[in-house]
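Next comes just one chain, in structure tokens: the form predicted alone.
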């Protein structure tokens, strides 16, 4: 095998399929989207080069873009913080139990593999006042009438509106299992000899978690945070399915839903590509910052 890999032609041959796939599926579409973002591009109309007009309009005249940007940044911060904390706690608890570990792992991970569109419709019914939580509180005597309870998906007061906060918790419920599995995989790779030596030295389980487990799983923390940040920035399914179309105006938009509306509902494909480019740049910047500030030490 070593002799085979010494030849550059063999290395190129092995790398060629992945390089071609990357170019065709990822690099070429990104370049084409960037070009279209500089054009007035609509279906069945000639493409006209417009320079940076789409970007100027996006950041100076588009009020929906400001709302979508605010909501997407809130999603990103909320997802990174909560999934980091809850994922670590669940991973630490499940790693230390022997009976029922696989059962609880499957329970927490199951929402990750279910359709976000189906879950969005399910939770929409749960938070609809006439059907879900409010109706249950009325039957239990907590409130006199379901209409007196919180308007979970219809309240538009506040800097971050209640429907966005509700959807953030639903997203936490759905995807915390993914973070948990990543952390568990990293924790299970830590040698038990380290914990045994620490116990002999009088280290408690809490001290072992902060002094041994956390430093050794930092590479996975950076990876999980990057995945959570990118996933939350391009968040679409739950928002689109849980909030009735047009009911809240533009206050519940995130970047992905704003892109969808502009490109496919209003036929402004060039403008939609501009939003997509901004979204891509944000993902790259956030990933760079996470990898820069989450310091990963090497341990022998």
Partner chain sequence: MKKKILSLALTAVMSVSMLAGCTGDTGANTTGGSNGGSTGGVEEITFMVWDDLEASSDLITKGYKDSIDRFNKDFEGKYHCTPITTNLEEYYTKLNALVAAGETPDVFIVSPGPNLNDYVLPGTAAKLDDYLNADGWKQTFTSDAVFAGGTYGAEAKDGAGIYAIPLNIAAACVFYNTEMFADAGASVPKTYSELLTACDKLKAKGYTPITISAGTAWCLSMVAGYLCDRNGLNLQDVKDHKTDWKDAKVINAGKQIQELSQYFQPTAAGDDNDIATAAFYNGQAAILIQGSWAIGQINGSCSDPDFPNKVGVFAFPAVDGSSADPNRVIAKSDSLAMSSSSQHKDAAVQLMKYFVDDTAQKYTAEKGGKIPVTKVQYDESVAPPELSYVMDVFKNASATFGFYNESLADTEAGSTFDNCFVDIFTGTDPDKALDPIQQYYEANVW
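Heads up, when I say rigid core I mean the largest set of C-alphas that superpose within 1.5 Å between the two forms. Numbering follows the first chain given and starts at 1. Treat the numbers as computed from the prediction; the structure is a model and nothing was measured.
Not on display, but discussed next: the form predicted together with its partner chain.
Although the partner is absent from this view, residue 70 stays clear of its partner chain in the model of the complex, with no non-hydrogen atom inside 4.5 angstroms. Using a 4.5 angstroms limit between non-hydrogen atoms, residue 49 is distant from its partner chain in the model of the complex. Contact between residue 260 and its partner chain in the model of the complex is found at the 4.5 Å heavy atom cutoff. In the model of the complex, its partner chain stays beyond 4.5 Å of every heavy atom belonging to residue 53. Just one of 160, 147, 190, 208 comes within 4.5 Å of its partner chain in the model of the complex, counting any heavy atom, and that one is 147.
Shown without its partner, the chain has 19, 20, 24, 28 in segment 19-33 as residues with a non-hydrogen atom within 4.5 angstroms of its partner chain in the model of the complex. After superposing the rigid core, the C-alpha of residue 59 moves by less than 2 Å between this form and the one not shown.
Superposition on the rigid core between this form and the one not shown places the CA atom of residue 281 less than 2 Å from its counterpart.
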